[in-house]
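The chain that follows stands alone, in the form predicted alone, written as structure tokens.
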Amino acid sequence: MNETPNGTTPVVTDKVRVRMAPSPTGFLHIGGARTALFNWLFAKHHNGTFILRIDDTDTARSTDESMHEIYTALQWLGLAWDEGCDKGGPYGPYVQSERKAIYDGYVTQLLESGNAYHCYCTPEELEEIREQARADKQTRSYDGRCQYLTSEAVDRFVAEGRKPTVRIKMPDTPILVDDLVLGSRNIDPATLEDEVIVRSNGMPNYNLTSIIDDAEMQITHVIRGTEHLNNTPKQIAIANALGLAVPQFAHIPLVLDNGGRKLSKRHHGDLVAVNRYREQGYLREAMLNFVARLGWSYDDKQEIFSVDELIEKFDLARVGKSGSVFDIKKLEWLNSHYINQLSLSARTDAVIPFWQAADLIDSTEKRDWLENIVAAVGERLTTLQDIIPQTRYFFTDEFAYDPKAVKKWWGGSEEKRGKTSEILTHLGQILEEVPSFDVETVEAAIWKYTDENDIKRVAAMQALRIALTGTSFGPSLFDIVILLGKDEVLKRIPKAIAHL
């Protein structure tokens, strides 16, 4: 096999080596997270190596902020990489913008071997060529004319100040794409045009850098979305022209919305941003479980997988060929499941940052009280962020009374409001006089009052609940009363009566 311009001879290692190669032009997309997860699981399953490589040759759009967003999302998911720009490794640098000298060496090799050529066509000329190709119903939109330029023509173009691109010369024979998910197929060379591999500003393009880095970094398997499928034969052609080893490809299906449209940043906004779910209080385990099932299944029955189970069971043979639907309801169900699997202490630890972010607490000095609030909420949390609307009233009496609840339980008529005020007045007196402020004593005293005065228990309970919380649903009313404490309850009841 040919020696590369970097001075190494590419070989196929017996050890699995896979990579995630995001472009830092925005947040990490759900589809990107799924690609990272599948690569990570494949590496872990085979005791291989997972590499994080940054494909930032799109210098106009790449930003440090996006790089940070991607790192943060991957770290939250727990997808630790074995090699990368922050960890080092034997095949660095792992950022493409730092590897230009390497690419330049390969481009020189392609030009000298006749497998690539300079293209001096202007944008206007290229558009004319495309229009003619459309008129002639040609599959190629570039006719390869610049590979036949005379030296005189080149000198003239250079004198005009034209900056050439570099195009790879595509082969005239079919290209075999052997895909571990989609199967094998031969690509007709007539469908492939001589691709630009170096822009006029000297920066290499994705298809060149990607396959060179895969070879240099000894990547054995490229697991990525089907949106890259059209790039694969071009990359194989470049690798063959350079004498580089070609990795095994596995193209995984697109992630779709409920309407069957590709889930994208453009059409779905931050719905597809991984960090959005972290900020809203989704658990890492739920997200990993959910994302793993986007296109992969074990037996069409099991829905819930631990991370260890995913590593043990993951197999590319079980990845489907068709698109998978992003079902937010399933993610919510999984997240609720994983939240409820947490111990009370761990669940409290998880929600404390959300209370703090909402300025409801500034310390955890009342740890037992906080745990009791979480226990009272029970299994009502879909996300950790839900703790805010479900418990805000424990920390402040500055809340609005829900209009629908007020109308239903406090009454729309003056007579009904008067009756509610009377009930609340008596309940306040009862709670002030109870000998012991605990659940059993409070409950017994309130039921004694309602039963002796022929008042429906639910009416009294809901009247008091709205007075204390502003809403008609939530934890047990008696848990709320005890957690608020006698002084706070007796302060809120007159405030509700005044509102009535």
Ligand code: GLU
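These numbers were taken from a predicted model, which means no experiment stands behind them. Numbering starts at 1 and follows the sequence shown.
The same protein also has a form predicted together with the named molecule, omitted here; what follows describes it.
Among residues of the shown chain, residue 157 is not one whose heavy atoms approach the named molecule to within 4.5 Å in the model of the complex. Residue 228 belongs to the set of residues with a heavy atom inside 4.5 Å of the named molecule in the model of the complex. At the 4.5 Å threshold, heavy atoms of residue 55 reach the named molecule in the model of the complex. In the model of the complex, the named molecule lies within 4.5 Å of some heavy atom of residue 206.
None of 289, 210, 335, 391 but one reaches within 4.5 angstroms of the named molecule in the model of the complex through a heavy atom, and that residue is 210. Of the residues in 18 to 32, those that come within 4.5 Å of the named molecule in the model of the complex through at least one heavy atom are, in sequence order, 19, 21, 22, 23.
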